[in-house]
Structures are given as structure tokens and as C-alpha cells.
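This document starts with one chain, in the form predicted alone, laid out as C-alpha cells.
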Amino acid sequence: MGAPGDISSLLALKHLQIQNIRNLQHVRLVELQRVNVFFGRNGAGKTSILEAVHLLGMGRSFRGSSIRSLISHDAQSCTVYGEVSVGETTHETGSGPLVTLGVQRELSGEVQIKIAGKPARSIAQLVEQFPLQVISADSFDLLTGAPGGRRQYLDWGVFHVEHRFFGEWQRFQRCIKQRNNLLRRGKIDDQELSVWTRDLAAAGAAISEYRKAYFQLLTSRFKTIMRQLAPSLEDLDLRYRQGWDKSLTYAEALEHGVHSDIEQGYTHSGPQRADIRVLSDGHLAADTLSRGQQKLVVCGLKLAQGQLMAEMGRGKCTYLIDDLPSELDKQHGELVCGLLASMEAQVFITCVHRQDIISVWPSSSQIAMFHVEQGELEQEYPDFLKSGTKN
């Protein structure tokens, strides 16, 4: 472990360089801390900083916008570089080994990824090196949006704690693509369909078992966190729906549904139909909870994943929180920040006024303050940050 009180041992991202992301032409951050606050007026470029960090860990923006809008006007590409601490922390350095990550996105859509100076084979390698969680206005679609978003949420967690999952997921994607191609044909080769169905059943069953095991661990962490964030929501529950009749194996479900699959030209049942249900007193939380309560539930879901990942020895994930004060009132903001601080997670937060974060974070000595104005950043050092005490 790092020396006691050595904040560098708790960092994931040490340094960050950004080129041509929206209005951020050339930005270099070399004094990142556990908590990094970017404050300034709306449109100054605060959220673009979070987008750059997300690009470094996921190869894309979390805002879902086109690559053309992400790249600065008149530029042909955008680039982000960073040094990420990975592996076990050593006493000598106060941190784990450093790995350089680099991501470049072209207007054409082409992506170039380098890890430790070498081209990466897939985005999955990038995701594995630098786990990220986002809490923003769009995150609340996790409750109200389509099942696909909840599957992605679940699979993110399984990917980071179960090393066998990704291989089975890739296998499943290949099998269902081939099987659906066969189902869409006018004339089907029964033997070929049987081969792909058999392989699909094996991969799908494995994926579902990994998801179930993870989900059981996640549920207990989620409930514990929600008791701290919102004790009044004690009747919250999570349910996992695997995507087919639970009384059948996946192979049996595929066999029972083969005529319907052939008739309609695609595979109806399977992990691709899985979903998570968040229930409050037996009803869907999205239908019964207030907007403020939904925000807390989403925060609980995100925090539970980070906590579980750390407990299982898979490292700590970094949190990107866009405009925390607009999403949570001061009381609940303090609770969320307290949990993040206890998890020793590295955090990047945006707000309009720096006091919005100073007033809710439990230890101001851990905070780095960056004022953002028209795409330019300036680090600020208020007196209370130097002394480590709040006014």
C-alpha cells in the first residue's frame, strides 16, 4: 500500500492532455487529485472535460452526440492522452504502475487506440484499463429508458469482475448473428440451424449464469447503500429477468420457440432480452417514485457497482459527475459525496459555483479546483484548500 495519507496512491488518472474536443483546443492537466472540480458558467467547456475523460476510457463520449459535434470546429480529429495507475500500489511510488492511454477519433469515424504506446485490438482493452461510471442527467434513463441501457449497466459490472464473461459474450454475438441470418432465409438448412442453436444455447446459458451471480452480489450492496441515501425507500428491490421462461433451460427455450423464430425471422428468447426491474413496494420505481427519488436510486445503482468492484479486488472505478447540484439537493449531495469519499474513488465533478461542491464534500483538502472559461482552464488554490480546512 501507499504511505498513509498519500493521495497519489488513490488516483486512477494522473495526467490528462486534450486536443480539439469541442471548445477545448489544447488542455493539459498535470495536478489531478482524488476530487477534481471544474466550475464556471454554462457553455464554458466543463462537461467537455468529462467527455474527454470518458473518451479516454470508453473510446466515445457519454453524451451520445455525433463525432462531428465532438471534434472542434475546423479540426479533422480529436485526441486525448492520459496516464493511468493500474495494478498494486507500491510503498516506493505511492501508486501502481503507470500506463499511458491514447485515443484519437477522426471525422470519418475511425478510432485509433494505444495502450502503453501499442495499438489496442479492441475497445474492451481500453475499458479494462480505466473503468468509468457516469452520473449525469442522461443517467436517469437507467430507470425510465429501454432495457438495453440496463443490460449495458449490468454487463459493465460483470465484465469487470468475471474475466470469462467477455469471451462468452463475443461468442454469443457471433452465434445469434449467424442464427438470425439463417432464420431470415427462405429455405433453412435444419442441420446448420441446429449447430448454431446448440452453440448459442451454450454461450447464452453461460452469460446468464455470470449475470445472475454478479446480480446477487450487486443487490445486497445496492440495498445497503440505499439505506444510507434514502431510508424511507426501504421497500426497494431489484429483480433480474434472464430473457426466457425461468422454468426452462436456454436450450429448451430455443427448442420450444424454433417455429416462431423461423416464422418471424429472428431469435425471440435469450440474454439479448434480459432486463433489470427496480421495484418500490412491488411496483416499477420508474412509475411510482418522484424524480428526486429516482435520482437517488440511480446514484445507488452506480455507487453499488463501484463498491462491489473494489471489494472484489478489481480496482477502483473513476466517477464522472456532471452538474451534481442540479441533480441532487444539498442534503443528498452530501450523502452521495460521503459515500464516494469512503470508497476512495477518484471523482471529476462539474458545477457552476465552486462552493456548491466545497459545501458538500467531506474533506476539502482532497479537492483540486479548476476554473473553466471559454475552453481555457486555470487551477485555483483558495486559502482553505491550502490549509485543508473549510471556512
Ligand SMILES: Nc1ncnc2c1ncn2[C@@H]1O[C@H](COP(=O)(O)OP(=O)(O)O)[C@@H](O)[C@H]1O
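Worth saying up front: this structure is predicted, and the values here are computed from it rather than measured. One-based numbering along the sequence shown.
The discussion below concerns the form predicted together with the named molecule, not included here.
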Problem - Residue contact check: residue 71 to the named molecule in the predicted complex, 4.5 Å heavy atom - result: yes
Practice task
Find out whether any non-hydrogen atom of residue 26 is located within 4.5 angstroms of the named molecule in the predicted complex, and reply yes or no.
Solution key: no
Practice task
Examine residue 346 and determine whether its closest non-hydrogen atom to the named molecule in the predicted complex is within 4.5 angstroms.
Solution key: no
Problem - Non-hydrogen atom contact residue 353 with the named molecule in the predicted complex at 4.5 angstroms - result: no
Handout entry: Options 28-36, 328-336, 355-363, 43-51; stretch whose heavy atom lies within 4.5 Å of the named molecule in the predicted complex
Key = 43-51
